[in-house]
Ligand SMILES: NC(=O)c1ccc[n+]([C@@H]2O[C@H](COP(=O)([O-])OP(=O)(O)OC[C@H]3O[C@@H](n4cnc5c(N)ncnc54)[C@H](O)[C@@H]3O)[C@@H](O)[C@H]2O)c1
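Presented as structure tokens, the chain that follows is alone, the form predicted on its own.
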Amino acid sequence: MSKIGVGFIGAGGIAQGQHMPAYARLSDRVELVAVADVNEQAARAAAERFRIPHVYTDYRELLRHDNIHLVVVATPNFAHREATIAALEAGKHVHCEKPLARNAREAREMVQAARRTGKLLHVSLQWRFSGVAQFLHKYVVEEGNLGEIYYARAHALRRRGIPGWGVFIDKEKQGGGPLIDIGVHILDTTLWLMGYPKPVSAFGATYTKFGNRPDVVGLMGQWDYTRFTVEDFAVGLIRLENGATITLESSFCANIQGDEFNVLLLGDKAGVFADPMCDRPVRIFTEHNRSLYDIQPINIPNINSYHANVEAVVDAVLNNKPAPVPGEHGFYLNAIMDAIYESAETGHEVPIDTSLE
């Protein structure tokens, strides 16, 4: 196969803003075949913009196309499971938006379907493909320069960043708030830089201090505070099977100096702090000959992570490679977040079930 046909389930902001442009630029390897959305106007607008010949309001009609090899599921979270499983069972590979699902039960069923059908299931956790993350993976995982990583701290924090559109404030449709929406990115990257050890338990807390109030400014659009049913801040302590731990903080809204998206990794040979939002995105801390060193790499590549994410999926499909971000990783993330949410309700540490049987 020299070219793959791609179909899109969902024609909203993330589809038209990121996925469709990234696939369209690979016209030598990709053909955009069809788009489906329950909002026909959105589907037709996307089709016109990206010259997609077939438009549907029922995604099951899209799945009947024999020349579609890969389906991009870019719906709200509550629709990921059904569309993904249907696509896999129709013999299509799937590129699913993050998080994989609303919860671990749904994610487990999706991974099981991928294994049953033998099709690729890729989770769109694109921050892995950024220049900072790629540099760190080589430095930390492939070359082992940090030694044994025993602790990590991960932050995905917004000062005033409650989305004023979509279903981001609806727990039933979204599965949660900032933890499941933006925390999932930094948690995935942190685990990836630690070699993705299995999680065994989590303790956490969630807070809603701003989202259900009418007097809080919305810098990402004003939301309907009467419909706010998710947390606006979450914190978790995650234990991993190798004995390491991660602390995770994520917010839509908090009284902090500014937005943060960063990770600190502590190893017995060196530590590293990665902050792509600052002028020095990677700082390495170590000791040599009884002197302390701060090292700052200066040639970290600038990579469009959305484009690199899509290129990796296309390459995997064309060359029969494993999913760049496998569904199993998405399942682990959902299982961790489930445990943090359950712990927040019970006040107890919660064991994490990572079985896929």
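All residue numbers are counted from 1 along the displayed sequence. It should be emphasised that the depicted structure is a prediction, and the values quoted were computed from it without experimental measurement.
Quick note: we don't show the form predicted in complex with the ligand, though the next part is all about it.
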> With the cut-off set at 4.5 Å between non-hydrogen atoms, does Gln126 touch the ligand in the predicted bound form?
Replying inline: yes
> Any chance Pro21 has a heavy atom within 4.5 Å of the ligand in the predicted bound form?
Replying inline: no
> Taking heavy atoms only, is Tyr332 within 4.5 angstroms of the ligand in the predicted bound form?
Replying inline: no
>> Can you work out whether Pro76 and the ligand are in contact in the predicted bound form, taking contact to mean some heavy atom pair no more than 4.5 Å apart?
In response: yes
>> If the cut-off is 4.5 angstroms on heavy atoms, which of these, Glu249, Asp181, Glu260, Asp170, is the one near the ligand in the predicted bound form?
In response: Asp181
> Of the residues Ile295, Val38, Ala45, Ile303, which one places a heavy atom within 4.5 Å of the ligand in the predicted bound form?
Replying inline: Val38
>> Taking 4.5 angstroms as the heavy atom distance cut-off, pick the stretch from 210-218, 239-247, 192-200, 94-102 that is near the ligand in the predicted bound form.
In response: 94-102
